[in-house]
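Only one chain is shown below, in structure tokens, and it's the form predicted on its own.
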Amino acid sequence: MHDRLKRDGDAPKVGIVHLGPGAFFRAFIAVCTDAAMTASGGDWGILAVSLKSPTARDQLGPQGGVFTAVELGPDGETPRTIGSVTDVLVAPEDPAAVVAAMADPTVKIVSLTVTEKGYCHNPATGKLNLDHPDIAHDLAAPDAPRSAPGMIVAALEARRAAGTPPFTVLSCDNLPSNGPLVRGMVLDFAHARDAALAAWIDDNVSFPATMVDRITPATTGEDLDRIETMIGFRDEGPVVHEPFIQWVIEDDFPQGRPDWAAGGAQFVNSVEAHETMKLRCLNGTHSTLAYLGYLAGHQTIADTVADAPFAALCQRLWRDEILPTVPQPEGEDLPAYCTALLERYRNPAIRHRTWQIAMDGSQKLPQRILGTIRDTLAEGRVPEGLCLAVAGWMRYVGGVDENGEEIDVRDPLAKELRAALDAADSPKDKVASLLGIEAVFGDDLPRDQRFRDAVTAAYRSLVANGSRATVEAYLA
């Protein structure tokens, strides 16, 4: 075995503390920051903080934070050494050290990729869950915080007391309006601690929203061995990622920021339209391909769009049903964005499984597809392709594929969905039964006869003719 990967020269000075140093952070923020410093310099080294597990520290610590990012292109793999991470702290081992690092005047940005759970909030209300065990702990023991909101508020409190300007809080989690979301969590926590501190944060701290997009498959043991052969060193913490990257950032950084544009970032006044674009164009067709592709026997998205009718389905959906509902995002070419999406879907190196994307459809469908359907119906048009996608989901959650094989349906409402289907006999009744689940469809769509008829017709065809033939019929 070769020596591990090591840093050449001195590490950059720290300007960013990042909470949540998982694979997405390494393939996204760390890569962009490395490109920014290469292009324009600056003291933007990243001190990464793991909120729970020592894994990232154990992987990257012996390597001085250096790791390999491997781009998985359709024509091969391209490795790059990333040196933007300076060190990794494990918060439970020394929470005071984490707060002290964030309070250091040299730190201008605190960024986060902690997943939805890391915000300790109630997704239904958008409010901080004050009864969450970590939040309750942090309110009782503010000098030893466990949660991201607790750490941020403790560090901001220290900076306020020292007369140090606050850092910018930058959420990079894949959540709608992530800037306002984390702002709300931080202010809720601060209000529970100290009203004057909350007012200072409200007046002085910036929380720009972001939109993030890059597929980062989990790194496997086989990847580690292959990358070692590729670079000549043993790297215990590499990441693999697709070539595409999109990082749209509201440009509100009072203390400055890296030249992230050199790494592909886009700076805008508002990310809201970009979020709608991604949700409807990417996530909407991803789910459509997942259900209809799985039913047709395709294991991955790349396999699905290699089957010509499914690629044509995406193109028709974008042109006729999705793009007419998407507001124009700043600096974006919507048709070109969709062309790039199809190329991403076709990348055979990214093994995005249809079964995996199909998970939790009852939660995803309202956001990814039903909003587009509502807007289209309101314009007096029936989006038959998206109604076919809904019918594909209905067929999928029935738990049996077109060959009579069982489908492992993973969904919070899996039992309720199956019971609704089992309680009905005819395709029309099965569709009506599922449309009665208000948590998914609300009370408006089930009352729209145009929608009911289109979904019922598509479901009947899926049962009688199968997914591929039904897609071909839609395209005819």
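Numbering starts at 1 and follows the sequence shown. Rigid core: the largest C-alpha set superposing within 1.5 Å between the two forms. Note that the structure is a prediction, hence the values are computed from the model and not measured.
Keep in mind that the form predicted together with a small molecule is missing from the display, and what follows is about it.
Among the residues 357, 302, 101, 198, the one placing a heavy atom within 4.5 Å of the small molecule in the predicted bound form is 357.
Between the options 234, 191, 146, 364, the residue in contact with the small molecule in the predicted bound form by a heavy atom within 4.5 angstroms is 364. Considering the small molecule in the predicted bound form, the lone stretch of 282-290, 313-321, 376-384, 390-398 in range is 282-290 [heavy atom distance within 4.5 Å]. The candidate site formed by 7, 27 and 57 is entirely out of contact with the small molecule in the predicted bound form, as no residue has a non-hydrogen atom within 4.5 angstroms of it.
In the predicted bound form, no heavy atom of residue 298 sits within 4.5 Å of the small molecule. Although the partner is absent here, residue 215 is a contact residue: one of its heavy atoms lies within 4.5 angstroms of the small molecule in the predicted bound form.
In the predicted bound form, the small molecule sits within 4.5 Å of a heavy atom of residue 352.
Using a 4.5 Å cutoff between non-hydrogen atoms, residue 278 counts as a contact of the small molecule in the predicted bound form. In this overlay on the rigid core, residue 345 has a C-alpha that sits 2 Å or more away from its partner position between the shown form and the other one. Relative to the superposed rigid core, residue 266 undergoes a CA displacement smaller than 2 Å between the shown form and the other one.
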